[in-house]
Structure formats: structure tokens, C-alpha cells
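The data below hold one chain only, encoded as C-alpha cells and taken in the form predicted alone.
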């Protein structure tokens, strides 16, 4: 923990560096009225903060810049998101008042809008849709060694598979297998393997196993992965000085699986902000990511986030992401009820 004076000096340096993108010297900090300390005292405290890993000195005799640890202390000291200015608030109200259309279009439009609002790249992720669940399932004998398993899904779709049998079960055994299968699969997601306990009839168990495997591996339901919508990727070209960094960031933004995994990991760790090397992805070592989930009808449906340099306006970024994610969830919930 830092004492009050070191914390105040660190906060002042972070805020100044965010504004100017220039290393901050002791004279600049000493001129801040609220601190009421001499430049010599500031230099001593800056040296201590550097030794403790909160600041770095890019060049000899230059001022200091925050490290990831310094930014983390700054972000953790933010007790609540900053306030959006009236113009931004009006822009958000206007956007969601007029944003309509199919889901994919709305998510893509939201990513572009959030990027324009913050001047960072924005990402909107739609989580994988829950697989359809089995409403009812039945095995029907067609011929002595041929049967069919039919599953009615919660989505209304029908999943049907022909079963070729090595043995010839009786009608009673087919009925028993059908009843046993239904008892363990009804209400479960289609396409997911479920371990079904055996009965006291090996032939019934074989029939159940064949039907279970057919429903697991032959499901007609598409495996719909997360959808990712990226807005404002070109804004990264103005956020960094190094061309190599820009290329690496743009490359990551094109890799949807990497983005989804990264955002999921941030949320799983209970974070709303991941700074620099915290997210463990070297190409994004100079970036911070701010994320917030959005909900539809009270259920988490996806994530809204922005990606920008570690020299980010964190209070405004947190506020923008929080408000947009909330308004997006409300708009989609209203669309669901209307539909």
C-alpha cells in the first residue's frame, strides 16, 4: 500500500501522462496546488515509486511514466466510473432510440458507435447461443433390426436418426429403451453426451447407447460459436507510434477466437479492466481492455468492450462501456418482448 502522499503523486503523474503522452517531471507535479509539496520532495517520492515498480524513467534525466502496476493502482482507486458529458449522453440516447433491425446489425452498429464515442477500437461479443434442449425423445422400431430415434427440440426442430441394430429387440425391449432414454435425456441439450445408467437388460442398454450416440454426434443443430463485431479498428493507427505495434494489434482484432478467449478470461477473473501485460497476450502489451457484460431478459448474453493504449482515459472509458452495455441489453430485451 502507498501512503497518501505517494498515492496523490502517482495519481497526478498518471493523469498528466494520459493528457500529454509526455514523461512527467517533478516540477510539473509540484505545481499542482492540492499537493503542496516542493519539487525536491516530489523527486524523492518519484524515485521511491520507481523503485517500487509504479513508475519508469524512459531516458536518463527524463521525467517518469506509469508502469502497468502504476496504472493498476490508479484504476483500482477509481471508486465509480466517471460521468459522460452531456453531449455523449445525448449521443447514446439518440443512438439507442433509433437503433433497430436484426440482432447482428444492431451489435455491429453498437461496436461502431462505441468506437466513435470513445475514439478507441470497440468490440461487441454475442455469446454462443444455448443449444436447443430435448423436449421429448422416442425410439420406434421400423423393421426387425432397424429403428429410428426421434427427438423433438425446444426450438421446435426435429432431430431424427435411423438406427441399424446387430440384434433383434422385441417390441417390449424397444419400448423399454425408449422410456429409459426419455427419462435421462428430456430437458438436456441436444448434441451433448449424457451418461445413461444401465438397466438389467443388455440388449436394451445397447439400443439406448446407439440412440444416445446418434443424438450426440448426428445432431442437426448448428454449433453456433460466439459472434464478434469490431468497430473502429483503424483508430488504432493513431493510438500508437510504433508501426509494428499497430500491425500486431490489428492482427489480434482480426482473430475472433483470440478476442473471445481474452475477454472471457478477463471477466472470469472478475475484472472490468485488464492493463498491459495483465492479459498475458504479448502483442497487446501496450494496450488496456475495458469490458462489461450485457444482459437480455436478465440473462448474460454477451460482452461490450473497448481496446486502446494503456494511456487510456479510464474513468470515461469505464463510464462509456457501462452505459452502452446497459442500454444495449435494455434495447435487446425490449426487442425480445416485442417479438
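From a predicted model like this one, the values you see are computed outputs, not experimental measurements. Residue numbers count along the first chain shown, from 1.
Here the subject shifts to the form predicted together with the DNA, a form of this protein not shown in this document.
A.B. asks: So, in the predicted bound form, is residue 285 in contact with the DNA at a 4.5 angstroms heavy atom limit?
C.D. replies: So residue 285 does not count as contacting the DNA.
A.B. asks: When the contact criterion is heavy atoms within 4.5 Å, does residue 63 count as touching the DNA in the predicted bound form?
C.D. replies: Although the DNA is absent here, residue 63 would touch it in the predicted bound form, with heavy atoms inside 4.5 Å.
A.B. asks: Flag residue 67 as yes or no: does it have a non-hydrogen atom within 4.5 angstroms of any non-hydrogen atom of the DNA in the predicted bound form?
C.D. replies: It does not: once the DNA is placed as it appears in the predicted bound form, residue 67 has no heavy atom within 4.5 Å of it.
A.B. asks: When the contact criterion is heavy atoms within 4.5 Å, does residue 277 count as touching the DNA in the predicted bound form?
C.D. replies: Residue 277: no, not in contact with the DNA in the predicted bound form.
A.B. asks: Look at the stretches 298 to 306, 285 to 293, 35 to 43, 269 to 277 and give the one with heavy atoms within 4.5 Å of the DNA in the predicted bound form.
C.D. replies: Only one stretch passes the 4.5 Å heavy-atom test: 35 to 43.
A.B. asks: So which of 328, 321, 9, 24 reaches within 4.5 angstroms of the DNA in the predicted bound form, heavy atom to heavy atom?
C.D. replies: Contact residue from the list: 24.
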